[in-house]
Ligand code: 5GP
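One chain is shown next in structure tokens, namely the form predicted alone.
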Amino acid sequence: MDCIFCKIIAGQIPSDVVYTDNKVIAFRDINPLAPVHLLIIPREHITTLNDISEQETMLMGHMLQVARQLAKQHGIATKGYRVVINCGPQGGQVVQHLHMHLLGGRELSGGMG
């Protein structure tokens, strides 16, 4: 498989890992858009949010709990942060492996409400 995130999970590509467990791994984005910009990815290769099955609902909840925990650990929970999942080319998904962005550490523009 030629997936960069799968290679990070396998240890073939170095990354600045900030969290790992048996379901997900989280690491710093190499092109951060905010002072805190982490990526949370499932260890299992799932291409997009559209590919999540009902059986993976708990995995998505776990990813959100990890995001909440990392926001607290990185000091952005109190002032606020953003969690983003891009889906498909028009949704801005660049790497074809489901991933969640955790952004914070400054006021983020372009709020959705």
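From 1 onward, residues are counted along the sequence shown. Remember, it's a predicted structure, so these values are computed and weren't measured experimentally.
The next section is about a form of this same protein that is not shown, the form predicted together with guanosine-5'-monophosphate.
Across the proposed site, N31, H37 and H101 without exception bring a heavy atom within 4.5 Å of guanosine-5'-monophosphate in the predicted bound form. For G92, a non-hydrogen atom is located within 4.5 Å of guanosine-5'-monophosphate in the predicted bound form, even though that partner is not displayed. Looking at I8, you'd find a heavy atom of it within 4.5 angstroms of guanosine-5'-monophosphate in the predicted bound form. With a 4.5 Å cutoff on heavy atoms, C3 does not count as touching guanosine-5'-monophosphate in the predicted bound form; it lies far away. In the predicted bound form, none of the heavy atoms of T48 sits within 4.5 Å of a heavy atom of guanosine-5'-monophosphate.
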